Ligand code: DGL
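Before any questions on binding or motion, here is one chain by itself as C-alpha cells, the form predicted on its own.
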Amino acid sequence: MNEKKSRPIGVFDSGLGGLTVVKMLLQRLPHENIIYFGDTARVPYGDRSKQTIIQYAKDDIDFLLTHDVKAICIACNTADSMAKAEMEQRYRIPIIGVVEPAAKMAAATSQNRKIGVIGTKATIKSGAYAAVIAREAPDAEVISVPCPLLCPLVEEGRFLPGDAVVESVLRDYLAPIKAAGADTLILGCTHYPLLYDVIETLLPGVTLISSGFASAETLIRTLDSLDLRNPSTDPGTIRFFVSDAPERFAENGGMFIGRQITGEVNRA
C-alpha cells in the first residue's frame, strides 16, 4: 500500500502558469512527489477550440500516466473549464481542476454576492466559473472579464507594482468589476497570482481568490479520502517535463514557482 501512496501526483498546464499551482502543492503537501508537464510546444491553450483543447488534455494526461501518477491536477483554467468533464469520463484516476475549487471558495467568501472572474477568452467563454457559482450561490452576480493581454505580459516579466503598462491594462480590465462593486475576485488563470500585488492595489478591499490555493486544498481532501497521502517524512521530489524549449522553461519558471529551477528539465 505504501508503494501506491508514494506514487507521484501529476500536474499539467499549457506552459509555465501551472507552476503557481505546484508552488502551493509544495507548501501544503511537502512530502508528495510531483511530475509536472508543461505543453510548451502548443502554448497557449486560451485561443484554441474546445475540441482541440480536449485532445491536448488527453495527450497531457496520457503522458503523465506513463509515470504511474496516483492523481492528476489540471493546473490550467482553460483545459479545466473545457475538458475536465470528458477527462473524468475517460480516465479512472482522481482528477482535480482549478475552476471548481476556486469558484466554491469565492461563493463561500463573498458577502455582497458580487463576484468577479478574470481569465483567458476560452475560460470566460466556457462559463465554467459562473456555472459553479450559480450552483453554490444562486443569488450571486458574476462579472466575468476576458483578459487576453495578461498572460503575455506576465511571461515578459511585466507584473510588478509600478509597471505603468501592466497597471494600465489591468485598470481597463478591472473597471467593470470595480463598477459592479464586487467584493471577491477569482484569478481565473494560473499566471495571475503573479499579478496579485498590482490587482490588490487597484481593487482595495476586494478578496482575491487564487485557483492554486483552492485546488491544493481540494487535492489534500481527495488524497485523504482515498487514503493516498504519502506517509514519508522526507521532502518530496519534483520532475519537470516540457514538449518544447526546456531551457526557456528552466530560465523563466522560477518566477512562477517561487524558486530557481535547478534540476534538469526534460523534453517529453
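The first residue of the shown sequence is 1; numbering continues from there. In this text, all values refer to a predicted model and were calculated from it rather than measured experimentally.
Separately, the form predicted in complex with D-glutamic acid exists; it is not shown, and the next lines address it.
- Here the chain stands by itself, but in the predicted complex one stretch of 115 to 123, 174 to 182, 157 to 165, 101 to 109, 115 to 123, has heavy atoms within 4.5 Å of D-glutamic acid.
- Mapping the unseen interface onto this chain, residue 241 falls outside it, with no heavy atom inside 4.5 Å of D-glutamic acid in the predicted complex.
- Although the partner is absent here, residue 45 is a contact residue: one of its heavy atoms lies within 4.5 angstroms of D-glutamic acid in the predicted complex.
- Contact annotation: residue 132 falls outside 4.5 Å of D-glutamic acid in the predicted complex, judged by heavy atom distances.
- Among residues of the shown chain, residue 189 is one whose heavy atoms approach D-glutamic acid to within 4.5 Å in the predicted complex.
- Scanning 151, 95, 142, 198 against D-glutamic acid in the predicted complex with a 4.5 Å heavy atom cut-off leaves one residue, 151.
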